[in-house]
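This document starts with one chain, in the form predicted on its own, laid out as C-alpha coordinates.
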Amino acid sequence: MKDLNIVTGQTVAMPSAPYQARHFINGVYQDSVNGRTSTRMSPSHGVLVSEAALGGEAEVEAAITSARSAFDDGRWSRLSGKDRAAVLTKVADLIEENVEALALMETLESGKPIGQSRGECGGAADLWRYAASLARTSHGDSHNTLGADIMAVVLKEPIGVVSIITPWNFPFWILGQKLPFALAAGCTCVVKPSEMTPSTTAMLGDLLNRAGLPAGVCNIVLGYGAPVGSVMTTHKDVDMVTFTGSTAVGKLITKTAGDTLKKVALELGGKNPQVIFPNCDLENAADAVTFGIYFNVGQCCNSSSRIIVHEDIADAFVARVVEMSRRVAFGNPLNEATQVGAIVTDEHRAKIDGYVRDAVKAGAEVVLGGGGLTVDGVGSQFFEPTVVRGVTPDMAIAREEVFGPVLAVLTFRTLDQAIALANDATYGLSAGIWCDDIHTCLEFSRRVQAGTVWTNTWMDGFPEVAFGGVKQSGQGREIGSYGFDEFLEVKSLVMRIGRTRTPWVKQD
(Lines give C-alpha, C1' and ligand atoms only; values in the text may rest on other atoms or scores of the structure.)
Protein backbone atom coordinates (compact mmCIF):
# COMPACT_ATOMS: atom_id res chain seq x y z
CA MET A 1 0.00 0.00 0.00
CA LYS A 2 1.44 3.38 -0.97
CA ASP A 3 2.35 6.07 1.55
CA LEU A 4 2.72 3.61 4.44
CA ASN A 5 5.82 3.35 6.61
CA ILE A 6 6.85 -0.22 5.78
CA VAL A 7 9.87 -1.76 7.52
CA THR A 8 11.49 -4.69 5.71
CA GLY A 9 14.97 -5.41 7.07
CA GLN A 10 15.73 -6.87 10.48
CA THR A 11 18.16 -5.90 13.21
CA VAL A 12 17.72 -8.97 15.46
CA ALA A 13 19.01 -12.37 14.38
CA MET A 14 16.83 -15.47 14.17
CA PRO A 15 17.75 -18.35 16.52
CA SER A 16 19.83 -21.14 15.06
CA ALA A 17 17.23 -23.84 15.83
CA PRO A 18 13.58 -24.11 16.92
CA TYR A 19 12.94 -23.99 20.66
CA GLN A 20 11.93 -27.30 22.25
CA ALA A 21 9.14 -26.59 24.74
CA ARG A 22 8.28 -29.30 27.27
CA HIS A 23 5.87 -29.78 30.14
CA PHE A 24 7.06 -28.73 33.61
CA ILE A 25 5.56 -31.06 36.20
CA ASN A 26 6.67 -31.48 39.81
CA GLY A 27 9.77 -29.40 39.14
CA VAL A 28 10.96 -31.47 36.16
CA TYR A 29 10.77 -30.86 32.40
CA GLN A 30 9.25 -33.81 30.58
CA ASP A 31 7.84 -34.95 27.25
CA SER A 32 4.33 -36.24 26.72
CA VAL A 33 3.75 -39.86 27.67
CA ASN A 34 2.72 -40.66 24.11
CA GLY A 35 5.54 -38.61 22.59
CA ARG A 36 3.20 -36.32 20.67
CA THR A 37 4.27 -32.76 19.77
CA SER A 38 2.89 -29.69 18.08
CA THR A 39 4.74 -27.10 16.02
CA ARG A 40 4.51 -23.33 15.66
CA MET A 41 5.37 -21.50 12.47
CA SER A 42 6.26 -17.85 12.87
CA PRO A 43 3.35 -15.71 11.61
CA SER A 44 5.82 -13.06 10.46
CA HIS A 45 8.59 -15.17 8.97
CA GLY A 46 6.91 -18.42 7.97
CA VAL A 47 9.58 -20.65 9.52
CA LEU A 48 9.41 -23.26 12.27
CA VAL A 49 10.25 -21.52 15.55
CA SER A 50 9.15 -23.98 18.22
CA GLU A 51 8.17 -27.58 18.80
CA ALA A 52 6.14 -28.26 21.93
CA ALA A 53 5.15 -31.38 23.81
CA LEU A 54 1.44 -31.97 23.21
CA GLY A 55 -0.26 -32.78 26.47
CA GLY A 56 -3.18 -35.06 27.15
CA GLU A 57 -5.14 -36.24 30.16
CA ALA A 58 -2.15 -38.08 31.60
CA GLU A 59 -0.05 -34.91 31.84
CA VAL A 60 -2.92 -32.84 33.29
CA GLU A 61 -3.68 -35.50 35.91
CA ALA A 62 -0.01 -35.62 36.90
CA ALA A 63 0.19 -31.83 37.12
CA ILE A 64 -2.98 -31.50 39.22
CA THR A 65 -1.87 -34.33 41.52
CA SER A 66 1.48 -32.59 41.96
CA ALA A 67 -0.16 -29.24 42.73
CA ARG A 68 -2.66 -30.84 45.12
CA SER A 69 0.06 -32.61 47.09
CA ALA A 70 2.20 -29.48 47.20
CA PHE A 71 -0.69 -27.47 48.58
CA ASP A 72 -1.92 -30.01 51.11
CA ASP A 73 1.47 -30.75 52.65
CA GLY A 74 2.10 -27.04 53.19
CA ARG A 75 5.49 -26.80 51.50
CA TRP A 76 4.32 -23.49 50.01
CA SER A 77 0.89 -22.71 51.45
CA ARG A 78 2.17 -22.65 55.03
CA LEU A 79 5.42 -20.88 54.23
CA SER A 80 5.83 -17.40 55.70
CA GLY A 81 5.01 -14.40 53.54
CA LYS A 82 8.63 -13.34 53.86
CA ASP A 83 9.89 -16.61 52.41
CA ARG A 84 7.35 -16.62 49.57
CA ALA A 85 8.26 -13.02 48.74
CA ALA A 86 11.95 -13.90 48.54
CA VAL A 87 11.25 -16.52 45.86
CA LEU A 88 8.99 -14.23 43.84
CA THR A 89 11.55 -11.44 43.94
CA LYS A 90 14.23 -13.83 42.70
CA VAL A 91 11.97 -14.83 39.81
CA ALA A 92 11.65 -11.14 38.91
CA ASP A 93 15.44 -10.81 38.88
CA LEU A 94 15.81 -13.85 36.63
CA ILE A 95 13.15 -12.57 34.23
CA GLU A 96 15.12 -9.36 33.78
CA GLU A 97 18.33 -11.33 33.23
CA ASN A 98 16.65 -13.33 30.47
CA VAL A 99 14.57 -10.65 28.74
CA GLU A 100 16.31 -10.99 25.36
CA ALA A 101 15.71 -14.74 25.08
CA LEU A 102 12.10 -14.42 26.26
CA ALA A 103 11.36 -11.48 23.96
CA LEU A 104 12.79 -13.20 20.89
CA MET A 105 10.55 -16.24 21.39
CA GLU A 106 7.56 -14.00 22.09
CA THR A 107 8.11 -12.16 18.82
CA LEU A 108 8.67 -15.28 16.74
CA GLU A 109 5.56 -17.06 18.02
CA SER A 110 3.17 -14.10 18.18
CA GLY A 111 4.37 -11.80 15.40
CA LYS A 112 4.58 -8.73 17.65
CA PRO A 113 7.51 -6.29 17.31
CA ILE A 114 10.64 -7.12 19.27
CA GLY A 115 10.49 -3.80 21.13
CA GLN A 116 7.00 -4.57 22.42
CA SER A 117 8.07 -8.08 23.38
CA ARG A 118 10.92 -6.68 25.43
CA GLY A 119 8.51 -4.32 27.14
CA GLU A 120 6.05 -7.10 27.86
CA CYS A 121 8.54 -9.65 29.17
CA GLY A 122 10.73 -7.19 31.05
CA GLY A 123 7.73 -5.34 32.43
CA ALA A 124 6.31 -8.57 33.82
CA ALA A 125 9.12 -8.55 36.38
CA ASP A 126 7.40 -5.60 38.06
CA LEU A 127 4.24 -7.69 38.46
CA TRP A 128 6.26 -10.37 40.26
CA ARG A 129 7.87 -7.80 42.55
CA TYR A 130 4.55 -6.20 43.42
CA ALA A 131 3.03 -9.61 44.13
CA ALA A 132 5.99 -10.30 46.43
CA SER A 133 5.14 -7.18 48.41
CA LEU A 134 1.57 -8.42 48.84
CA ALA A 135 2.81 -11.77 50.16
CA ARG A 136 4.44 -9.93 53.07
CA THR A 137 1.66 -7.43 53.78
CA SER A 138 -1.45 -9.59 53.51
CA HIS A 139 -3.63 -9.50 56.62
CA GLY A 140 -7.17 -10.00 57.82
CA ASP A 141 -9.22 -8.15 60.44
CA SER A 142 -9.86 -8.37 64.15
CA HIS A 143 -13.04 -7.55 66.09
CA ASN A 144 -12.47 -6.62 69.71
CA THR A 145 -15.85 -4.94 70.34
CA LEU A 146 -18.08 -8.01 70.46
CA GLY A 147 -18.22 -8.18 74.24
CA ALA A 148 -15.90 -8.68 77.18
CA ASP A 149 -15.69 -12.42 76.63
CA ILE A 150 -15.54 -12.63 72.80
CA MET A 151 -12.88 -11.89 70.24
CA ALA A 152 -13.13 -12.63 66.51
CA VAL A 153 -10.45 -12.72 63.82
CA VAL A 154 -11.05 -12.79 60.08
CA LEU A 155 -8.30 -14.75 58.35
CA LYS A 156 -7.33 -14.83 54.69
CA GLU A 157 -6.13 -18.20 53.47
CA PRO A 158 -5.04 -19.44 50.02
CA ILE A 159 -7.92 -20.87 48.04
CA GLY A 160 -5.96 -23.99 47.03
CA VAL A 161 -5.09 -25.38 43.60
CA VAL A 162 -5.56 -22.86 40.78
CA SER A 163 -5.82 -23.64 37.06
CA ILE A 164 -4.40 -20.76 35.00
CA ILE A 165 -5.23 -20.59 31.29
CA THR A 166 -3.60 -17.81 29.25
CA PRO A 167 -4.03 -16.52 25.66
CA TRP A 168 -1.71 -16.02 22.72
CA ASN A 169 -1.73 -12.23 22.43
CA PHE A 170 0.23 -11.37 25.62
CA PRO A 171 1.41 -14.78 26.83
CA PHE A 172 4.09 -13.68 29.29
CA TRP A 173 2.44 -10.50 30.56
CA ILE A 174 -0.96 -12.06 31.22
CA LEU A 175 0.73 -14.98 32.97
CA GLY A 176 2.35 -12.29 35.15
CA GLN A 177 -1.07 -10.88 35.99
CA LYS A 178 -2.12 -14.25 37.42
CA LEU A 179 0.66 -16.60 38.51
CA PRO A 180 2.72 -14.43 40.91
CA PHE A 181 -0.43 -13.23 42.67
CA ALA A 182 -1.68 -16.80 43.11
CA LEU A 183 1.74 -17.83 44.41
CA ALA A 184 1.92 -14.82 46.72
CA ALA A 185 -1.37 -15.92 48.26
CA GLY A 186 0.06 -19.39 48.93
CA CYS A 187 -1.79 -21.25 46.18
CA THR A 188 -0.31 -23.95 43.98
CA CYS A 189 -0.93 -23.85 40.25
CA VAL A 190 -1.34 -25.66 36.96
CA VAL A 191 -0.71 -23.42 33.94
CA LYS A 192 -1.74 -23.90 30.31
CA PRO A 193 -0.51 -21.36 27.76
CA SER A 194 -1.99 -21.07 24.29
CA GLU A 195 -0.79 -23.79 21.92
CA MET A 196 0.21 -20.96 19.53
CA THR A 197 2.57 -19.25 22.00
CA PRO A 198 3.75 -21.88 24.51
CA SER A 199 7.47 -21.19 24.69
CA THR A 200 7.91 -18.23 27.06
CA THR A 201 5.65 -19.94 29.60
CA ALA A 202 7.67 -23.16 29.24
CA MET A 203 10.90 -21.17 29.64
CA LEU A 204 9.61 -19.83 32.95
CA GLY A 205 9.85 -23.30 34.51
CA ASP A 206 13.64 -23.10 34.57
CA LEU A 207 13.51 -19.67 36.21
CA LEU A 208 11.14 -20.98 38.90
CA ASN A 209 13.52 -23.81 39.70
CA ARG A 210 16.49 -21.46 39.85
CA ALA A 211 14.57 -19.11 42.13
CA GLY A 212 13.95 -21.93 44.61
CA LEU A 213 10.22 -22.51 44.12
CA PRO A 214 9.48 -25.93 45.66
CA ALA A 215 8.70 -28.72 43.20
CA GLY A 216 5.02 -29.15 42.45
CA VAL A 217 4.00 -25.61 43.40
CA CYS A 218 3.77 -24.49 39.76
CA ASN A 219 3.20 -26.99 36.97
CA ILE A 220 3.00 -26.20 33.24
CA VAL A 221 1.12 -28.38 30.76
CA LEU A 222 1.28 -27.58 27.04
CA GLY A 223 -1.48 -28.46 24.61
CA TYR A 224 -4.92 -27.66 23.30
CA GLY A 225 -8.06 -26.60 25.11
CA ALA A 226 -9.35 -30.13 24.65
CA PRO A 227 -8.30 -32.14 26.52
CA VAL A 228 -5.84 -30.06 28.60
CA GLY A 229 -8.00 -27.03 29.35
CA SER A 230 -11.12 -29.13 29.74
CA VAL A 231 -9.60 -31.29 32.48
CA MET A 232 -8.12 -28.25 34.20
CA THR A 233 -11.56 -26.63 34.49
CA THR A 234 -13.53 -29.69 35.59
CA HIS A 235 -11.18 -31.67 37.81
CA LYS A 236 -12.41 -32.18 41.38
CA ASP A 237 -9.01 -31.36 42.88
CA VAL A 238 -8.89 -27.88 41.32
CA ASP A 239 -10.34 -25.14 43.53
CA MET A 240 -10.27 -22.18 41.15
CA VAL A 241 -9.94 -21.38 37.45
CA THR A 242 -8.61 -18.10 36.11
CA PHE A 243 -8.90 -17.64 32.35
CA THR A 244 -8.12 -14.93 29.84
CA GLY A 245 -9.50 -15.33 26.33
CA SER A 246 -12.68 -15.20 24.31
CA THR A 247 -16.08 -14.58 25.85
CA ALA A 248 -17.43 -17.75 24.22
CA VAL A 249 -14.82 -19.95 25.93
CA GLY A 250 -15.28 -18.04 29.19
CA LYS A 251 -18.98 -18.87 29.19
CA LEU A 252 -18.19 -22.55 28.59
CA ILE A 253 -15.70 -22.60 31.47
CA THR A 254 -18.28 -21.04 33.78
CA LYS A 255 -20.79 -23.76 32.89
CA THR A 256 -18.41 -26.70 33.24
CA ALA A 257 -16.75 -25.40 36.41
CA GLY A 258 -20.20 -25.11 37.97
CA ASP A 259 -20.45 -28.88 38.33
CA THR A 260 -17.86 -28.74 41.11
CA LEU A 261 -18.63 -25.16 42.23
CA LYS A 262 -15.12 -23.92 41.55
CA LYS A 263 -14.40 -20.25 41.80
CA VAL A 264 -13.99 -18.76 38.31
CA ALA A 265 -12.24 -15.51 37.37
CA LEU A 266 -12.52 -14.37 33.76
CA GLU A 267 -10.89 -11.62 31.70
CA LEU A 268 -12.61 -11.70 28.33
CA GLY A 269 -13.25 -9.50 25.31
CA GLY A 270 -13.76 -5.80 24.88
CA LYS A 271 -15.15 -3.27 22.42
CA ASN A 272 -13.57 -0.28 24.05
CA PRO A 273 -14.67 3.27 23.19
CA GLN A 274 -12.76 6.53 23.37
CA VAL A 275 -15.01 9.60 23.39
CA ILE A 276 -13.41 12.71 21.89
CA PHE A 277 -14.72 16.17 22.81
CA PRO A 278 -13.69 19.36 20.97
CA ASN A 279 -12.24 20.94 24.15
CA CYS A 280 -9.30 18.60 24.63
CA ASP A 281 -5.73 18.28 23.44
CA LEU A 282 -6.68 16.90 20.03
CA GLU A 283 -3.09 16.13 19.05
CA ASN A 284 -2.60 14.00 22.16
CA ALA A 285 -5.97 12.35 21.62
CA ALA A 286 -5.18 11.48 18.00
CA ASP A 287 -1.85 10.00 19.02
CA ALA A 288 -3.50 7.93 21.77
CA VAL A 289 -6.18 6.67 19.37
CA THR A 290 -3.48 5.68 16.89
CA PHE A 291 -1.54 3.88 19.60
CA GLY A 292 -4.67 2.24 20.98
CA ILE A 293 -5.74 0.67 17.70
CA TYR A 294 -2.35 -0.47 16.37
CA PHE A 295 -0.59 -1.60 19.56
CA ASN A 296 -0.05 -5.36 19.33
CA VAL A 297 -1.62 -5.16 15.83
CA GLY A 298 -4.95 -4.44 17.49
CA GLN A 299 -4.89 -7.96 18.93
CA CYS A 300 -5.51 -6.63 22.41
CA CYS A 301 -8.55 -6.86 24.67
CA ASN A 302 -7.96 -3.20 25.59
CA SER A 303 -7.70 -2.04 21.99
CA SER A 304 -9.54 1.24 21.38
CA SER A 305 -11.33 -0.32 18.43
CA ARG A 306 -14.06 2.32 18.26
CA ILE A 307 -13.95 6.06 18.76
CA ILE A 308 -16.94 8.30 19.35
CA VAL A 309 -16.05 11.75 18.05
CA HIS A 310 -17.99 14.99 18.42
CA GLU A 311 -19.58 15.97 15.10
CA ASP A 312 -17.91 19.40 15.07
CA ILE A 313 -14.40 17.94 14.89
CA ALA A 314 -14.99 14.53 13.30
CA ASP A 315 -13.60 15.37 9.84
CA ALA A 316 -10.44 17.04 11.10
CA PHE A 317 -9.83 14.49 13.83
CA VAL A 318 -10.20 11.46 11.54
CA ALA A 319 -7.93 13.12 8.99
CA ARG A 320 -5.28 13.54 11.67
CA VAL A 321 -5.56 9.90 12.79
CA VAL A 322 -5.21 8.79 9.15
CA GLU A 323 -2.13 10.97 8.75
CA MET A 324 -0.58 9.52 11.90
CA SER A 325 -1.50 5.98 10.81
CA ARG A 326 0.53 6.40 7.64
CA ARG A 327 3.60 7.16 9.76
CA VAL A 328 3.34 4.14 12.05
CA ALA A 329 6.06 1.60 11.24
CA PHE A 330 4.48 -1.64 9.98
CA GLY A 331 6.56 -4.64 9.04
CA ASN A 332 9.29 -7.04 10.11
CA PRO A 333 8.90 -7.69 13.87
CA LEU A 334 12.62 -8.41 14.20
CA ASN A 335 13.44 -4.84 13.23
CA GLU A 336 13.72 -2.63 16.27
CA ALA A 337 12.05 0.26 14.43
CA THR A 338 8.85 -1.73 13.83
CA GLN A 339 5.77 -0.71 15.80
CA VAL A 340 3.19 -3.07 14.24
CA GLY A 341 3.87 -6.67 13.31
CA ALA A 342 2.02 -9.66 11.89
CA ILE A 343 -1.46 -11.10 12.42
CA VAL A 344 -1.29 -14.28 14.50
CA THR A 345 -2.78 -16.62 11.84
CA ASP A 346 -4.06 -16.43 8.26
CA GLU A 347 -7.47 -17.50 9.52
CA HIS A 348 -7.61 -14.55 11.89
CA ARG A 349 -6.49 -12.18 9.15
CA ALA A 350 -9.38 -13.42 7.01
CA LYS A 351 -11.78 -12.79 9.90
CA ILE A 352 -10.55 -9.20 10.23
CA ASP A 353 -10.97 -8.70 6.49
CA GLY A 354 -14.54 -10.01 6.73
CA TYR A 355 -15.51 -7.38 9.29
CA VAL A 356 -14.24 -4.60 7.02
CA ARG A 357 -15.99 -5.97 3.94
CA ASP A 358 -19.27 -6.38 5.81
CA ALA A 359 -19.07 -2.81 7.09
CA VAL A 360 -18.60 -1.48 3.55
CA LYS A 361 -21.58 -3.50 2.35
CA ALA A 362 -23.62 -1.97 5.18
CA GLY A 363 -22.72 1.56 4.06
CA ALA A 364 -19.52 2.42 5.91
CA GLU A 365 -16.54 4.06 4.20
CA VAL A 366 -12.92 2.87 4.37
CA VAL A 367 -10.76 5.99 4.47
CA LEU A 368 -7.48 4.12 5.02
CA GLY A 369 -6.35 0.56 4.37
CA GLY A 370 -8.91 -2.17 4.40
CA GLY A 371 -7.03 -5.26 3.28
CA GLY A 372 -4.07 -7.59 3.59
CA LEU A 373 -0.51 -6.33 3.41
CA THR A 374 2.61 -8.05 2.10
CA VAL A 375 5.98 -7.04 3.53
CA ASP A 376 8.92 -7.68 1.21
CA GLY A 377 11.31 -10.25 2.52
CA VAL A 378 8.96 -11.38 5.27
CA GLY A 379 5.54 -12.45 4.07
CA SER A 380 1.85 -11.70 3.61
CA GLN A 381 0.41 -12.34 7.08
CA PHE A 382 -0.09 -8.64 7.76
CA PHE A 383 -3.10 -6.32 7.65
CA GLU A 384 -3.11 -2.70 6.58
CA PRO A 385 -3.77 0.06 9.11
CA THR A 386 -7.47 0.61 8.59
CA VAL A 387 -9.87 3.42 9.47
CA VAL A 388 -13.59 3.03 8.77
CA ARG A 389 -16.00 6.00 8.88
CA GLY A 390 -19.76 6.20 8.61
CA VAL A 391 -20.14 3.37 11.11
CA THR A 392 -23.55 2.97 12.75
CA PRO A 393 -24.18 1.29 16.11
CA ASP A 394 -25.95 -1.69 14.53
CA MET A 395 -22.95 -2.76 12.42
CA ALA A 396 -20.91 -5.75 13.56
CA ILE A 397 -17.72 -3.68 13.29
CA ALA A 398 -19.14 -1.36 15.97
CA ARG A 399 -20.32 -4.11 18.31
CA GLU A 400 -18.03 -7.13 17.97
CA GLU A 401 -14.38 -7.62 18.80
CA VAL A 402 -12.48 -7.41 15.49
CA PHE A 403 -9.12 -7.97 17.22
CA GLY A 404 -7.08 -6.32 14.50
CA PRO A 405 -5.72 -2.92 13.35
CA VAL A 406 -9.17 -1.64 12.37
CA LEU A 407 -10.64 1.57 13.81
CA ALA A 408 -14.41 2.16 13.68
CA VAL A 409 -15.52 5.81 13.84
CA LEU A 410 -18.88 6.91 15.23
CA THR A 411 -20.04 10.46 16.02
CA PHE A 412 -22.09 12.18 18.72
CA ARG A 413 -23.59 15.55 19.58
CA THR A 414 -24.29 15.46 23.34
CA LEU A 415 -22.73 13.82 26.39
CA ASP A 416 -25.83 11.68 26.87
CA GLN A 417 -25.51 10.42 23.29
CA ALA A 418 -21.83 9.63 23.81
CA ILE A 419 -22.53 7.66 26.98
CA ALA A 420 -25.38 5.79 25.33
CA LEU A 421 -23.14 4.80 22.42
CA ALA A 422 -20.30 3.82 24.75
CA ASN A 423 -22.63 1.58 26.79
CA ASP A 424 -24.33 0.10 23.72
CA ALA A 425 -22.24 -3.06 23.78
CA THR A 426 -22.30 -6.45 25.44
CA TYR A 427 -18.75 -5.76 26.63
CA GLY A 428 -17.54 -3.48 29.41
CA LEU A 429 -13.78 -3.81 29.75
CA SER A 430 -12.44 -0.27 29.36
CA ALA A 431 -13.43 3.16 28.11
CA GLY A 432 -11.84 6.57 27.72
CA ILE A 433 -12.74 10.22 27.46
CA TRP A 434 -10.79 13.18 26.11
CA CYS A 435 -12.08 16.46 27.49
CA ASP A 436 -10.66 19.43 29.40
CA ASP A 437 -13.82 19.84 31.49
CA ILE A 438 -13.34 17.84 34.69
CA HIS A 439 -17.08 17.76 35.36
CA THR A 440 -17.73 16.10 32.01
CA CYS A 441 -14.93 13.60 32.63
CA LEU A 442 -16.30 12.69 36.06
CA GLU A 443 -19.88 12.30 34.85
CA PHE A 444 -18.75 10.10 31.97
CA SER A 445 -16.54 8.03 34.28
CA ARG A 446 -19.39 7.41 36.72
CA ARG A 447 -21.99 6.53 34.08
CA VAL A 448 -19.97 4.50 31.58
CA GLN A 449 -20.14 0.71 32.03
CA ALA A 450 -16.51 -0.35 32.13
CA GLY A 451 -14.03 -1.88 34.54
CA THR A 452 -11.40 0.74 33.72
CA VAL A 453 -11.94 4.35 32.62
CA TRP A 454 -9.09 6.48 31.30
CA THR A 455 -9.40 10.25 31.17
CA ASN A 456 -7.09 12.13 28.77
CA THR A 457 -4.90 9.08 28.37
CA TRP A 458 -5.19 5.49 27.14
CA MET A 459 -3.92 2.14 28.36
CA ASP A 460 -1.79 3.37 31.24
CA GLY A 461 -1.60 0.45 33.65
CA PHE A 462 0.14 -0.25 36.94
CA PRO A 463 0.56 -3.39 39.09
CA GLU A 464 -1.15 -1.56 41.95
CA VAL A 465 -4.35 -0.81 40.01
CA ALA A 466 -6.96 -3.55 39.56
CA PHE A 467 -7.91 -4.66 36.05
CA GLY A 468 -11.03 -6.43 34.81
CA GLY A 469 -14.38 -5.95 33.13
CA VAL A 470 -18.12 -5.84 33.61
CA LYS A 471 -20.95 -7.36 31.57
CA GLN A 472 -19.54 -9.93 29.11
CA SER A 473 -15.98 -8.72 29.53
CA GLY A 474 -15.57 -10.98 32.52
CA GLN A 475 -15.82 -11.35 36.26
CA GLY A 476 -13.34 -10.83 39.06
CA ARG A 477 -10.24 -8.66 38.99
CA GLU A 478 -6.55 -9.10 38.26
CA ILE A 479 -3.47 -7.38 39.73
CA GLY A 480 -3.53 -4.90 42.56
CA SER A 481 -4.75 -5.90 46.02
CA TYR A 482 -8.16 -6.77 44.56
CA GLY A 483 -6.59 -9.20 42.11
CA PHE A 484 -4.57 -10.72 44.94
CA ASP A 485 -7.72 -11.21 47.03
CA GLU A 486 -9.22 -13.35 44.23
CA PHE A 487 -6.86 -16.13 45.32
CA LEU A 488 -7.80 -15.97 48.99
CA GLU A 489 -10.64 -17.46 51.04
CA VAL A 490 -11.99 -15.66 54.08
CA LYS A 491 -12.30 -17.61 57.31
CA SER A 492 -13.91 -16.24 60.47
CA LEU A 493 -12.43 -17.36 63.78
CA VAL A 494 -14.64 -16.62 66.81
CA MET A 495 -13.07 -17.13 70.24
CA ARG A 496 -14.65 -17.06 73.69
CA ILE A 497 -12.33 -15.85 76.39
CA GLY A 498 -12.76 -17.81 79.60
CA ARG A 499 -15.66 -20.09 80.63
CA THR A 500 -18.40 -17.48 80.44
CA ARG A 501 -20.82 -19.10 78.02
CA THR A 502 -24.38 -19.39 79.34
CA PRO A 503 -25.49 -23.05 79.17
CA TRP A 504 -28.28 -23.79 76.69
CA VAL A 505 -29.36 -26.99 78.42
CA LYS A 506 -30.75 -26.41 81.85
CA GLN A 507 -29.00 -28.34 84.59
CA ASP A 508 -30.77 -30.04 87.48
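Residue numbers run from 1 along the displayed sequence. What you are looking at is a predicted structure, and each value in this text was computed from that prediction instead of being measured.
The protein also exists as the form predicted in complex with a small molecule; that form is not presented, and the subsequent description refers to it.
In short, of 111 to 119, 222 to 230, 317 to 325, 94 to 102 it is 222 to 230 that has heavy atoms within 4.5 Å of the small molecule in the predicted bound form. Contact with the small molecule in the predicted bound form holds for none of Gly81, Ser138 and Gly186, as no heavy atom of theirs lies within 4.5 Å. Note on the partner interface in the predicted bound form: the residue among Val249, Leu282, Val264, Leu368 having a heavy atom within 4.5 angstroms of the small molecule is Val249. With the partner omitted here, the residue from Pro405, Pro180, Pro193, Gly432 that has a non-hydrogen atom within 4.5 angstroms of the small molecule in the predicted bound form is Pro193.
When the small molecule is considered in the predicted bound form, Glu106 lies well away from it, no heavy atom lying within 4.5 Å. Contact between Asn169 and the small molecule in the predicted bound form is found at the 4.5 Å heavy atom cutoff. Although the partner is absent here, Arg399 lies well away from the small molecule in the predicted bound form, with no heavy atom inside 4.5 Å.
When contacts are judged by a 4.5 Å heavy atom cut-off, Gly245 counts as touching the small molecule in the predicted bound form.
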